[in-house]
Ligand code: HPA
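Heads up, the chain below is alone and in the form predicted alone; it's given as structure tokens.
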Amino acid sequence: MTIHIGAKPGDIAETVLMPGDPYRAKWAAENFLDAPRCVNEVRGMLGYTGTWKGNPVTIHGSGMGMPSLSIYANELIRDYGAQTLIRIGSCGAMQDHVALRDLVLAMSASSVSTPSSTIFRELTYAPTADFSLLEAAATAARAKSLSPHVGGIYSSDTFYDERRDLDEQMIRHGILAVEMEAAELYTLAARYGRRALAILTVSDHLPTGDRLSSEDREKSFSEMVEIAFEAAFAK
């Protein structure tokens, strides 16, 4: 048991999927895991552990933003021994060729700042995904006749951002999409020698203003969960 996670020793699996929304964690556990049981509900941040094809898996919410994810990822890694952490969430497309419902596999995650920024001082650290997970996720997506976008994303520390000039530069430099957690997840995974990946579905499009309906979001979320499982347990 930690400050923010009430799970007992042995309650957390080595493989952890991390949606931002705790109720998405509940939904995914009930729909994809065998014998799921709630292992955390401190502060309403739900976590469930069960099995997928016989493999132990925990699905645990991260909350919104890098500070929130940093709390849970740190404790999952340091106190519960999580080895593989996969973020499953939504993102906003920044490129014209990235459409609604498209899948984005984040190879790298740029940011203005993260909770880990002060550690590096003058260094601009470049957090990246684990290649074995990235490769396996791309293979799993293509097996489902999907064409994932693989490349750099932007992890923002503000949701209502008004930096149009920054958006323009990111689009100019090929950033695929924006979300709010991956850069810190990748940094923590590197620090502790763990595997991490962000698998994202495009829920809205910054240049056009288009957005997915709630029904389309749920269907796309299902695809992300399946791909995350396939990637985590790829042989």
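A quick note: this is a predicted structure, and the numbers were derived from the prediction, not measured. Numbers for residues come from their place in the sequence shown, where the first is 1.
Same protein, other form: the form predicted in complex with the named molecule, not shown, and the subject of what follows.
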Checklist entry - 84, 90, 116, 128: which sits within 4.5 Å of the named molecule in the predicted complex by any heavy atom? => result 90
Item to check | Residue (of 170, 33, 46, 178) lying close to the named molecule in the predicted complex, criterion heavy atoms within 4.5 Å | outcome: 178
Checklist entry - Want to guess which of 203 to 211, 37 to 45, 186 to 194, 53 to 61 is within 4.5 Å of the named molecule in the predicted complex, heavy atoms only? => result 203 to 211
Next on the checklist: Please tell me whether any heavy atom belonging to residue 159 falls inside 4.5 Å of a heavy atom of the named molecule, as the geometry stands in the predicted complex.
Outcome noted: yes
